[in-house]
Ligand SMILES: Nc1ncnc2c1ncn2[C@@H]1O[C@H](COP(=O)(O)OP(=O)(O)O)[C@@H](O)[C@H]1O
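The chain below stands alone, shown as structure tokens; this is the form predicted on its own.
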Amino acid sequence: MALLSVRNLSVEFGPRDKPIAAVANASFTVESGQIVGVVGESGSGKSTMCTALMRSLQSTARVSGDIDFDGKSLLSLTLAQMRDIRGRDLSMILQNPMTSLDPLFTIGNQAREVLRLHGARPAATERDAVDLLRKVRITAPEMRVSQYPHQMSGGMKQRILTAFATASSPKLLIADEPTTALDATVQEEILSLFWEIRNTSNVAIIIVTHDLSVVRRISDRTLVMYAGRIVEAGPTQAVFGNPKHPYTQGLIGSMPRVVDGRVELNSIPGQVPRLDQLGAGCAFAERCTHATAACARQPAYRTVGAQHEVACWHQDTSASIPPFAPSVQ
């Protein structure tokens, strides 16, 4: 049985007679100890979908479908019941580490509060805070607990947020854009940290990002989203090595690569459509070079390989894709 099973999850905003679907009929599973990457352009619904999993969307959002987590239907729980799960069994690292820490309190003060709040250490001491920072390889943790967020680098803040999110040993960790605004060296350190956390605690991790290289290197499975829909899902090696959806092919083809000693850059023509202007058919049709009259209808999911699905009428279209790169070790 999967740790997380999401079926036909939809998130709508706006008037009911003209709803704007930020997420439409998303279905996927996450196993214990599995790393799942969610990738797509800005505005594709990645963060909205994951915030819906946490039941943290604003009250104006209308959420439907089913979210089964560890045997519990999250959408049927009361807010009080959800608070008992959120932060303890189900945890999330928010998108911007620069603004996610309270600037008025020291790192140690905030660490102790996290430990107390989630029951990891009801009477948390400074030594507990130091141990928490040490677990995510913060240098000189004895000194850092007395410092304030503005005295930390972006990479340190990301490590601290990761420490807070994993303090109660959650079963599922959601990381929203965990490597944004970090330089390449720090990105590698953060990814290695996630890999280490997964291997030592068997926590499942969902990583949300627009950076294909992050998903390609660390995730076991990949979900590709476009205009609120999951258009392709499968083992990362299959999705990157043999992508079936033209959008996935375009994303991978737009990654910089060296050809005959020169850096080659490609792009997907057109723009992501506005969600309030989507028609009944495939949202990618206007940008797709393979579109036909069939694309005026919404494509159903089709199995194209072992645990590999795609929502496209032209999933057999092939493209020349760079070889798959190994994961972070």
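All of these numbers come straight from a predicted model, not from anything done at the bench. Quick note: we count residues from 1 along the sequence shown, nothing fancier.
Just so it is clear, the following notes concern the form predicted together with the ligand, a form of the same protein that is not shown.
Asks: Is Gln34 a contact residue for the ligand in the predicted complex, using a 4.5 Å heavy atom cut-off?
Replies: Although the ligand is absent here, Gln34 would stay clear of it in the predicted complex, with no heavy atoms inside 4.5 Å.
Asks: Is Gln277 one of the residues lying within 4.5 Å of the ligand in the predicted complex, judged by heavy atom distances?
Replies: Contact check for Gln277: no, nothing within 4.5 Å of the ligand in the predicted complex.
Asks: Give a yes or no for Ala22: in the predicted complex, does one of its heavy atoms lie within 4.5 Å of a heavy atom belonging to the ligand?
Replies: So Ala22 counts as contacting the ligand.
Asks: Determine whether any heavy atom of Gly45 comes within 4.5 Å of a heavy atom of the ligand in the predicted complex, and answer yes or no.
Replies: Yes, Gly45 sits close enough to the ligand in the predicted complex that at least one of its heavy atoms falls within 4.5 Å.
Asks: Counting any non-hydrogen atom inside 4.5 Å, which residue from Asp70, Asp66, Glu286, Glu41 sits next to the ligand in the predicted complex?
Replies: Here the answer is residue option Glu41.
Asks: Could you work out which of Gln58, Gln271, Ser267, Thr303 is the residue within 4.5 angstroms of the ligand in the predicted complex, going by heavy atoms?
Replies: Spelling it out, the residue with a heavy atom inside the cut-off is Gln58.
Asks: Within 4.5 Å of the ligand in the predicted complex, counting heavy atoms only, one of 286-294, 45-53, 257-265, 25-33 shows up; tell me which.
Replies: Contact-bearing stretch, as computed: 45-53.
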